[in-house]
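The data below hold one chain only, encoded as structure tokens and taken in the form predicted alone.
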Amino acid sequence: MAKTMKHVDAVCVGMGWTGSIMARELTKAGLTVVGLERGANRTPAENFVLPTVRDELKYRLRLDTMLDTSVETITMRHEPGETALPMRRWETFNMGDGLGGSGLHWNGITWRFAPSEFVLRSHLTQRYGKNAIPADVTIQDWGITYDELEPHYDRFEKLCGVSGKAGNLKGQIVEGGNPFEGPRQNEYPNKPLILSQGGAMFMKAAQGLGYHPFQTPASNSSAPYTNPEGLTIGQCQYCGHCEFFGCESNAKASPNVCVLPALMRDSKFELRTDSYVSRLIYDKHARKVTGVVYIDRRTGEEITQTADIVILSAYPFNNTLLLLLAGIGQPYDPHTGKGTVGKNYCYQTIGGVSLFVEEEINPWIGTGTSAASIDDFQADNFDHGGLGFFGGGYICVSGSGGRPIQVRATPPGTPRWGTAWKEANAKWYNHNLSLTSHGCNYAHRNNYLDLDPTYKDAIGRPLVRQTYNYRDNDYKMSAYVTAKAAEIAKAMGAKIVNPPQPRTGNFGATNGQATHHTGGCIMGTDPKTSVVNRYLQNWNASNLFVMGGAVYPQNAGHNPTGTMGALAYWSANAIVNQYLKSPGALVHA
């Protein structure tokens, strides 16, 4: 029989960015909050210090901060009629494990989505006609606008100490920033990072082609910074160890640096790590979730935690899994198009081109964030008439460091081993760059999540089954934007430009891209087509709120973290200022 803990006002399932923000906002409002984290406790002072933090073998190759696939993984297939098989090693993407979640090992790229992305179906229909969107492209409006979310973007950027340059300040286009961004009320908290050599080459070439380059906004602090929580963020050391790593100088924003130290000092908050939430306790008649059941991974004991409010702030796969297991909402059926839970799973569509230059470049001087970008081919910033696809992506120069195991760029035709391979490595190590086209992934009828009928996790639950493949819109968009990246590469005066690599073929477990998963618990204005309302409140349980990328109706070309943080603040504001005053549905269908 499960042990039952003392009742609390709220419980957060997952303590990454969204769980940490929600817990902090609720404790400020006077609520008692328990934060449950599946993985181990990770603190910068103990876990991410020199010299051990720069262990490329441990963190990049052996994935020390990632979930153990023998405990939990997903199964994958391309189409609804196929048999799915489990991923036994993270390659195409990586699921974080431990306090801070993916916010611990991310790169720090911090975008705002374009205003048109939040009203995507309405926008495209109005511009291109009511029949322009293919029937199997299931994109929809979010139920919220950019203008409503803008103050909450601002809060997240100040929390992280984002380094960047505004391009649209109160409706005025500002030189040096991104002219395509939505209007913002404030400048970024920190000035841009020092521009890398490759970034300067990219900006000069892009500008010469008539594009609008700018330095990519980064949650890697360009100077020491104290955020609104009173927590200090260090200055970036340009060490080249961002993605997959914690930050020894506390310069990369993470929940562990920007929120959790303040939370841990609050007597209203209790953190429980190694707490594996197995299920939700759902009262269907009352339309409430009364609590959660979790397993203490250290003892194996099953524990019940009841609460007035339940926040699902885990990964999209886990949030969707818990809803499906509890029977909250109707599972999505691709054959009928009915149901919502698991619907509109999306990933990211990324291409690129590598180049080799005469000029010597120091690959060690790098941050996780791409040095410079253009948004000329993002979203609907360009006319899609006659192109056969919608959406787009940003193009950037990558330069996150020259780590010796991972970075082995050589020109085409180089042998894969032996003396000639060694000579090519030595010759080109200081002369290589890559450009990336980081594209959107718009929802498709046959891309979704459900429960696998065969495979189970370590505690006996069905694994999440991912049915996903790239679709016609993805292939055409990727080819178009990647060709633009190749154009810039040639304009950079490269000695060698490798053939462009747009996204082609089937999605696979080994063609690694990004850990940017969205959908499964999508937001909207109608319970027939969405899982949560505009405040991220579940339509079938008024005290259940779902966070993170799971609520995105489709995935934009920009990295998703900035929008996740903004939505968490948006939802927290609604809970504190509306729900607590009158518990119940915030939107009536």
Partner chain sequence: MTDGGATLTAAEAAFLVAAADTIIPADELSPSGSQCGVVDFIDRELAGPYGQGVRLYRDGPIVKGKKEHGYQLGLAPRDFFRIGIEAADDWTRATYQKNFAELDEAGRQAALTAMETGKAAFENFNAREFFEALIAIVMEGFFADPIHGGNRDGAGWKMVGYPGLPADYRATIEPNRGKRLDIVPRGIADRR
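Every value quoted in this text rests on a predicted model; they were computed, and no experiment measured them. Numbering follows the first chain given and starts at 1.
The following text describes the form predicted in complex with its partner chain, which does not appear among the structures shown.
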Sort through 409, 239, 166, 326 and report the residue having a heavy atom within 4.5 Å of its partner chain in the model of the complex. 239
Of 173, 132, 85, 281, the one that lies within 4.5 Å of its partner chain in the model of the complex (heavy atoms): 85
Give a yes or no on whether every one of 64, 68 and 364 sits within 4.5 angstroms of its partner chain in the model of the complex by heavy atom. yes
Just one of 348-356, 335-343, 417-425, 285-293 has heavy atoms within 4.5 Å of its partner chain in the model of the complex; which? 417-425
Wondering, does residue 228 line up within 4.5 Å of its partner chain in the model of the complex on heavy atoms? no
Can residue 28 be called a contact residue for its partner chain in the model of the complex at 4.5 Å between heavy atoms? no
Residue-level question: is residue 405 within 4.5 Å of its partner chain in the model of the complex, judged on heavy atoms? yes
With the partner left out of view, is residue 506 within 4.5 angstroms of its partner chain in the model of the complex by any non-hydrogen atom? yes
Heavy atom within 4.5 Å of its partner chain in the model of the complex: which residues of 448-483 meet that condition, in order? 454, 455, 456, 463
